Structures are given as C-alpha cells and as structure tokens.
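Only one chain is shown below, in structure tokens, and it's the form predicted on its own.
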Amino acid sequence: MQRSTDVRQHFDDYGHDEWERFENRLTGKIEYAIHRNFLLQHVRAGDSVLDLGCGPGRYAIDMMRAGASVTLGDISTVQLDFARRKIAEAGLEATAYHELDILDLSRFAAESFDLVVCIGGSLSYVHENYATALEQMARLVKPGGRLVVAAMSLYGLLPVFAAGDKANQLSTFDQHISRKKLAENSGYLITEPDSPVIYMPLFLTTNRYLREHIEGLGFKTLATASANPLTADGQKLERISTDPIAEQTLIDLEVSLSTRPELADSGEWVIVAAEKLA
C-alpha cells in the first residue's frame, strides 16, 4: 500500500529527530507538555496500554513511570528501535513491540486493553481511512476502558498558510487545501493529494468532529484539548527561547489554556479522551 510505504519511509528518514524535536524546539516542548499533561490524567497504575504510533517511546516512558504496562506499535522499524533504546536507558521494560499499521490491528484480541493511545500524526496520515483506524482502536478497548486520540487540527493548520505566506502558499492555496471542501464545513477534510507543500494527504479535523465520531463508536467523552493553542501559526520563537523564564511562562500558559472550550480548534492538534460504554 503506497500510503503505508510513504509514512514508513518518512519516519524512517526522520529518525532520532522525532525524539529531539520535543527538547530542542520550543514548539516541540509545548506540544509535549500539553500531550503529556492530558494523557497522564487518563492513565492509571496497573493499566494495560497499547501505544499506537509510539515513535521513539517518549509517551510510553511517561505511562510506564505512571505504573502502566505498555505495548508499543509503530509503522517504522527505525522508530521502534529508538523506542527500545530509550526505554532501556530509562531503566524500564515494555510489554511488547509491534511493527504495524493502525489500519490493521487484527493481531490483538477484542477488548484487550484498558487504554489505547494514538497521539501524534498517525490518525492524520491514514487520510480518508481515518474511520477504519478509529474502529480498529475502539474494538481493542475494554468496557469502561479509555481511548486517547489526537489528530491534526483543521482550523489550527490554516494560520500556518496565512502567517507570512510562506513559499507563496496563499497564491496556490487550492493546491493544498480545497476552499470548496472548506466551505462545506463538514468538520473535517483531506488535504489535496498533489500538494507540493503538504508532503502527503492528511486527515484534518475539528475538535467537535473527532469527538462526535468517537462517541458514535460507543464512547462518552471525558475531556478534549488543543495543542498548541497560542503558537500554532508557526511563528518564530527564538527570542523567547533565549529567556528561560519567558520560555517556561509560555509553556505553562499553553498547558493551562489547552483545555479551554473556546480554544478547542486553535492549536495544531485536537485531542480527545473517551471512555468505552459497557
């Protein structure tokens, strides 16, 4: 499948930068702080967790330190190798590692995990197959268990095009995002397949659409969040990064505001936590 090959190659090539971007870039520090804070509110000691699109294992380490048993899955063997190394360096041990595509989770028995996590870009990278991926994840959650999912934000991405008109993106806007689809206001869209800027078609969603779709699979919403609501437009933050107090203040502000309903679609990511109904 070409999509799987493209995504796998992208993250194989991305390599260790997938770990370092959360430490070396202020936007990455903010993204990590918000996701980590949100995720750990839904992890319980003793939970059996499936971490899909686990990347180099940063969130898996956080969940293991919170007392969960974590099974990791990723489409990239390179990322899985980094995860093994980082988890070992942290003095921890995962339950298992699986090279997998989130469109096929048939290797796992139904209702076999207390918590299924899929944060990062994995859901957006399956573009028009997002519904299948969510159904696969939902099947694995025990009744009363939880699902924590993130996807790229429809309205959070738009300021990236408007801020400074990078690479003349506005003059070629319809090559990237269809204004016709945007005007339909369906709550989601798939970016244009031949965009020279967006490297592969992406599923973009609103907070409400993702939440309601998950609820339609037999869940009730526990919480939602947005990351990064104050800095989603890709603005340069080098000056802030030179001042540790300013940097930490911005991170704290982002985390504290990330769950505000009025900012639900302001960030690059929408995040939903939901509980499976009995």
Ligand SMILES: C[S@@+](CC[C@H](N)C(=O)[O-])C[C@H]1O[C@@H](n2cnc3c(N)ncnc32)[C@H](O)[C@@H]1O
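Note that residue numbering follows the sequence shown and begins at 1. Please read these numbers as outputs of a predicted model, since none were measured by experiment.
If you look for the form predicted together with this ligand, you will not find it shown, but the lines that follow are about it.
Between this ligand and the residues Leu154, Leu147, Ile102, Leu202, the one pair within 4.5 Å by heavy atoms in the predicted bound form involves Ile102. Proximity to this ligand in the predicted bound form, defined as a heavy atom within 4.5 Å, holds among Ile177, Leu72, Ile119, Val116 only for Ile119.
Contact annotation: Tyr130 falls outside 4.5 Å of this ligand in the predicted bound form, judged by heavy atom distances. Phe38 falls outside the set of residues with a heavy atom inside 4.5 Å of this ligand in the predicted bound form. This ligand is not shown here, and in the predicted bound form it never comes within 4.5 Å of any heavy atom of Asp265.
In the predicted bound form, no heavy atom of Arg25 sits within 4.5 Å of this ligand. Shown alone, this chain has one stretch from 204 to 212, 177 to 185, 122 to 130, 83 to 91 that lies within 4.5 Å of this ligand in the predicted bound form by heavy atoms: 122 to 130.
Residues are counted as partner-facing when one of their heavy atoms sits within 4.5 Å of this ligand in the predicted bound form; in 39 to 53 only Gly53 qualifies.
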